[in-house]
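Presented below, as structure tokens, is a lone chain in the form predicted on its own.
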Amino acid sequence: MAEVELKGIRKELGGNAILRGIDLAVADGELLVLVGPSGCGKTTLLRLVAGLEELSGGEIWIGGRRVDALPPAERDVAMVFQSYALYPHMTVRENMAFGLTLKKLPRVEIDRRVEETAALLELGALLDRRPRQLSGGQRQRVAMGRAIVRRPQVFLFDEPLSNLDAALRHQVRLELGKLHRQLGSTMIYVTHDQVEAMTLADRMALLRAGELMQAGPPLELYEQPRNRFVGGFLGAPPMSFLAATARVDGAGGGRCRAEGRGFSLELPGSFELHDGREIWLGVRPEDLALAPVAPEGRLLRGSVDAVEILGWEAHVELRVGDGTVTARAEAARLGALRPGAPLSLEVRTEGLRIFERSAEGGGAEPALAAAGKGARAHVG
């Protein structure tokens, strides 16, 4: 079994807190993706698991064994780095066999493992080439192969696709997902690319400034963000936010509206909202549609800030009062739409998410009752 447990992980550097008490568990055979903006601590966390950094506090357990006091070689993990870190003077075969040679495994066993792994990664025809004779994608597969032949308990990936172009990154990402299904191994994967995170992960852990914001299945984080930072980080384009004030009609569970500069939207169902409460409305692009005519309580009017044509699809940014929202639309339907043009969007209000709005702000305001959860609205 290769469960990984991180308990109260802290890392300080020069008096600065890099990680602030991370508690996280990775199940046996699970692919967990650590995701977040640059500088959030995700690579530091991975290096702590690998033993390449020293803990400032907390415990690391792998397969039921505490390992944070052990050197890297005794933790039974294998790490694939952002740079391929291949030995240029060695062939593919020699690069893949190097770690096993250091362990003094029998030559027959080394050859068998290298051949099996090369077949798995479709590297059989490249075993006698040197790294300079390989493409970027092939080099990355060799780096993965070097880790696989060791048969570790846990694989650690530190942004392994960031040096590849977009098309190759997509291809290798698919290969990685297939590889995980074939091996059934425990993997921890670091990326700042949310598309990689959403498509690869069994579970995601989203970090911000050394703190764990939310962990769970990708769709859970996307559909039920715990705070405004999570909602605004995930999605392409991400969730838009409009500052609003809750208005409740009548006493004891009347209709609830969100009013802001230039809009008034009805909120479906009921919410734990008091009249006059300051909130953020979170709106996903897929919950907005071009609509010259729509009920007043479902309509946003404004002027176009920008239009991005992405082939069949287009992204339209609409200025509403002092905020903006982004909608997806079929490019052919936009005609000659230009910045500055007036535009109306219909809101699928059942898709709205509501977040606390505090004077301090900062982006991590917690989510309030989600649409349709049956809580009551209050006048007061």
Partner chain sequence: MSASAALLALALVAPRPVALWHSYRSEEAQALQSLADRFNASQDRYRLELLSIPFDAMSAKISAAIPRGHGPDLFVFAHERVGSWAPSGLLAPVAVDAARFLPGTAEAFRWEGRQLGAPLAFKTLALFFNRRLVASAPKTTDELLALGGRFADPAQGRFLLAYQSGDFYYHAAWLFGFGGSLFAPEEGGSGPRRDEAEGRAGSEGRLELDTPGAEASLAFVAKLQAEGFVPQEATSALVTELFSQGKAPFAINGPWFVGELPKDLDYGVAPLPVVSATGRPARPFLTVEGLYLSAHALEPEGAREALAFLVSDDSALLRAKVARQLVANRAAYDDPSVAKDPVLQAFRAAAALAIPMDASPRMQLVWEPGQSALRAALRGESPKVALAGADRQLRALQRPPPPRAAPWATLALVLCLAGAGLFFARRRPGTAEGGSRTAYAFVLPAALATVALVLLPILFSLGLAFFHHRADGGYDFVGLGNFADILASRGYAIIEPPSFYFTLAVTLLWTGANLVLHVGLGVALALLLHAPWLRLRGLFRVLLVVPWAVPNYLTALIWKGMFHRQYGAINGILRRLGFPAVSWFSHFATSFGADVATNVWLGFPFMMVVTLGALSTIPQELHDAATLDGATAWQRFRHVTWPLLRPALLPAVILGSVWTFNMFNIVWLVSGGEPGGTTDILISEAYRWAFARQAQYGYAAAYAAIIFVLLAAYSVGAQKLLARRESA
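Positions refer to the first chain, counted from 1. Every value quoted in this text rests on a predicted model; they were computed, and no experiment measured them.
Missing here is the form predicted in complex with its partner chain; even so, the following discussion is about that form.
Undergrad: Would you kindly say which of R150, R129, H170, R226 lies with a heavy atom within 4.5 Å of its partner chain in the predicted bound form?
TA: Looking at the other structure, the residue within range turns out to be R150.
Undergrad: Note which of I309, A125, A119, A85 lies within 4.5 Å of its partner chain in the predicted bound form, where distance is taken over heavy atoms; exactly one does.
TA: Comparing distances to its partner chain in the predicted bound form, the residue within 4.5 Å is A85.
Undergrad: Which is the contacting stretch out of 190-198, 172-180, 93-101, 257-265, given heavy atoms within 4.5 Å of its partner chain in the predicted bound form?
TA: Single hit among the candidates: 93-101.
Undergrad: May I ask you to check whether R328 falls inside a 4.5 Å heavy atom distance of its partner chain in the predicted bound form?
TA: Although its partner chain is absent here, R328 would stay clear of it in the predicted bound form, with no heavy atoms inside 4.5 Å.
Undergrad: Considering only heavy atoms, tell me if A50 and its partner chain come within 4.5 Å of each other in the predicted bound form.
TA: Close contact exists here: in the predicted bound form, A50 approaches its partner chain to within 4.5 Å, heavy atoms only.
Undergrad: Is A236 a contact residue for its partner chain in the predicted bound form, using a 4.5 Å heavy atom cut-off?
TA: Contact with its partner chain, no.
Undergrad: With a 4.5 Å heavy atom cut-off, would you call L219 a contact of its partner chain in the predicted bound form?
TA: So L219 does not count as contacting its partner chain.
Undergrad: Would you mind checking 60-81 for residues with a heavy atom within 4.5 Å of its partner chain in the predicted bound form?
TA: Counting only heavy atoms within 4.5 Å of its partner chain in the predicted bound form, the contacting residues of 60-81 are P72, A73, V77, M79, F81.
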